[in-house]
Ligand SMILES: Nc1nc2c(ncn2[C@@H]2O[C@H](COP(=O)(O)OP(=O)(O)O)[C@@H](O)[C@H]2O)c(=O)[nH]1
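One chain comes next, on its own, written out as C-alpha cells in the form predicted on its own.
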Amino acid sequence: MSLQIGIVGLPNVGKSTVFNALTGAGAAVAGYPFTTIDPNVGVAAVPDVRLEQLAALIHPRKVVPATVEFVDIAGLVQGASQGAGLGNQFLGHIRNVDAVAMVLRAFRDPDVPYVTEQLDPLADIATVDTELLLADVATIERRLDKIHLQSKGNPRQYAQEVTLLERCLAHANDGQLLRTLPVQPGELALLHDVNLLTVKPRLYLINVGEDDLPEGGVAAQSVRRHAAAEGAETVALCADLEAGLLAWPAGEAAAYRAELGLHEPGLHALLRAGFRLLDLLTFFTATGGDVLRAWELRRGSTVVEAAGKIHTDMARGFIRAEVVAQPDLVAAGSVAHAREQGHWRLEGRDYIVHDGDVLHIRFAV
C-alpha cells in the first residue's frame, strides 16, 4: 500500500486547489465550506534531476518517476472533535494517512470568504491542533480503559503500554503535540498501533498571495519560526498561481516564475518536502534499458525490501543485487564503463539501500 500525505486545514484555505495542482485529479473547488466531504486521492510525480540524467545516459523507451500519494481531506472546524462540521468523519480520514500537510491561508480574496475575520495562520494552527489533541485525548482514554479491563489478570503484560499512554495523556493535556514527546524506538510501535493524530509527521503549506512571493511575506516568516520550534517542514506557495500556470506553455510559465523570483514551481518544493516528511529515499532500476524507473522506499530499508517494491517474486527469490551509485554511473558515461571502473558491486540481502542507488536484482522464482 502506498504511503499517503493528508492535506488538511480549515475550510477555504485552498486545500483542494493545492490537491488539483499536485495531481491533476480535478477535485471540486468552491468558495464555501465542506466542498470536499469524501476524501479525494491522487498521485503526484516527484521531480528528480537524477532520473533525467539517467534517461539521457540510457535512452530508455519509458521513464517512470517516483510518486507521492495525496489525500484531500475536508476542512476541519472548531468543535470537530465533538462532531461539529462532520468532524468525526474527517478526523477518521486523517487517522488513515501517514503524514499531514496543513494548508494555512495567508492570501486575501473577497470572493472566497473565510471562517475568521482576520487572517492569522498561527491561530489557525492552534485551532486545528486543539481539535486533533482533543481527539487524541479521547482515544488514549478509551485505550487505557480497555487495557485496565484486559490487564486484571496480568498487569505486568501491559505495564509498558500503560506507562507510555499515561505520559502521552499528560503531554496532550498540556497542549503539546504527541510527536514532540520523547520516546524510545521500541515505544514508537505502540504509538503507531493506537493511531494517534498528533504523532504524524507534519508539513505546513502556507498559501500566500502572488504579491508575497517568493518568500511568502510576514505570515510565512511567523509560520517558519513556529515550525522550526516543533521540527516541522514548511513550504510557501501561491496555490492559484501554481494551478493556473499548469495550463501555460512550459517556457512562458518558467519566464513568469522568474519575474516573481521563483527558481522552480512551488509544487516541486512541496513534493520534495513531502518525500522528506515520509522519510523516503529514491532508488532506480533500468529493466534491460527498456524502462527506467524511480522507486520510493522508506529510508533504512534493505535491498530485499526494495526488491519487494518491484515485485514480490524478487523478494521471495532474492539471490543478490548489483548496485551502483547514480553519480558514479553518470560520471562513467555508460553502464559498460561503470563496470570497467569498478563502480558496480554485489550486495547481499542485508544491504541497506542508499538514496540514489541504481539496482539490478538477481533472483530465482
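Here the structure is a predicted model, which is why all the values come from computation and not from measurement. Counting begins at 1, following the sequence as shown.
Not on display, but discussed next: the form predicted together with the ligand.
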Is the ligand in the predicted bound form close enough to 12, 17 and 239 that every residue in that trio has a heavy atom within 4.5 angstroms of it? yes
Counting only heavy atoms and a 4.5 Å cutoff, which of 183 to 191, 153 to 161, 226 to 234, 108 to 116 contacts the ligand in the predicted bound form? 108 to 116
By the heavy atom within 4.5 Å rule, which residue out of 128, 208, 100, 196 makes contact with the ligand in the predicted bound form? 208
